[in-house]
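As structure tokens, one chain now follows by itself in the form predicted on its own.
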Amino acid sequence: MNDCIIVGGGIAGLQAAIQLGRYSAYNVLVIDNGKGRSTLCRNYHNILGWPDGISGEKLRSLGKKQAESVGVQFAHDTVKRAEAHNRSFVLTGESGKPYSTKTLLLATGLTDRFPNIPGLVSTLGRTIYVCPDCDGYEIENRKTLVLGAGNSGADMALLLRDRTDDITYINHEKTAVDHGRIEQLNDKGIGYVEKEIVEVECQGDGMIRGVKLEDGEALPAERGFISFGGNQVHSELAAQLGAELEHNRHVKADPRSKMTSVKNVWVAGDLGVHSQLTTVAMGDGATAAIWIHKALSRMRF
């Protein structure tokens, strides 16, 4: 029986693991499948102590080593099922392997939806971004393209307009955009193109040069953002346990402790409500771990 299982070895899960491991009192297991949003980011620039940036893969690698150094164990698996049994929880992995624990932290995050456009993945997190709060700074006064769909892409372009006056929104999926948003795009001088993107043209090291459209037109760019909408929030395990969800499938939690509506089940990172920044995910993970420690301490008496 583990004292705590953390599902998800991204930024939030790793920070929680490090915090729990440093209490030197618990059996902590992180179950991770090696995927996740942070694996796609080539360079975080907004993290304390890394002025030149650090990739998500590097941050995860360092975090795992740090957690292992304080006794945290890791298992490579995908948890498919979560059930409550008396005062504990039983998780079932993809292979059918069971895992049992007294407390549970879900840090399964979300997956950004984007089409399979040649050249896109190699630029993500380097010169094409997903989070305006994290990386809006990177497009200041640069020729920028928003690759997206419908109202989601239009909203991203409008949000970024204060960063640059040279911005074009390409509605790749040709999804309907509300008339009011079209008027706003026009009023703010944002270009609007409703054509399929057939290639993101880039040079070495993930530097975008522009995009090629279905009719052969080429649009040059120095930076880009994606916003296709319909991101997948991985809240299935929380739902199986009966945790309360928001309308958008993010998991509700106590703002102070990060505990969900299910006792002894916590949530951290992008899975929670409005915390889609790496630095916030770290704080979520540390906070949840502190309250897990409090809960485990009470179980001893």
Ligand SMILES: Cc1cc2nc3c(=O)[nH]c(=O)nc-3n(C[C@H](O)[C@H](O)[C@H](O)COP(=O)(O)OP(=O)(O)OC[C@H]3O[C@@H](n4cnc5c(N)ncnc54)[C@H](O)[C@@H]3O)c2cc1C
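Heads up: residue numbers just count along the shown sequence, starting at 1. Note that this is a predicted model, so its numbers are computed, not measured.
A second form of this protein, the form predicted in complex with the named molecule, is not displayed here; the remarks below concern that form.
- Taking the partner from elsewhere, no residue among 149, 159 and 232 has a non-hydrogen atom within 4.5 angstroms of the named molecule in the predicted bound form.
- Mapping the unseen interface onto this chain, residue 43 counts among the residues with a heavy atom inside 4.5 Å of the named molecule in the predicted bound form.
- The named molecule in the predicted bound form comes within 4.5 Å of a heavy atom belonging to residue 11.
- Although the partner is absent here, residue 242 lies well away from the named molecule in the predicted bound form, with no heavy atom inside 4.5 Å.
- Not displayed here, the named molecule is kept clear of residue 249 by more than 4.5 Å at the level of heavy atoms in the predicted bound form.
- Partner proximity in the predicted bound form, defined as non-hydrogen atoms within 4.5 angstroms of the named molecule, places exactly one of 185-193, 198-206, 217-225, 118-126 at the interface: 118-126.
- In sequence order, 77, 78, 79 are the residues of 67-90 having a heavy atom within 4.5 Å of the named molecule in the predicted bound form; the partner itself is omitted from this view.
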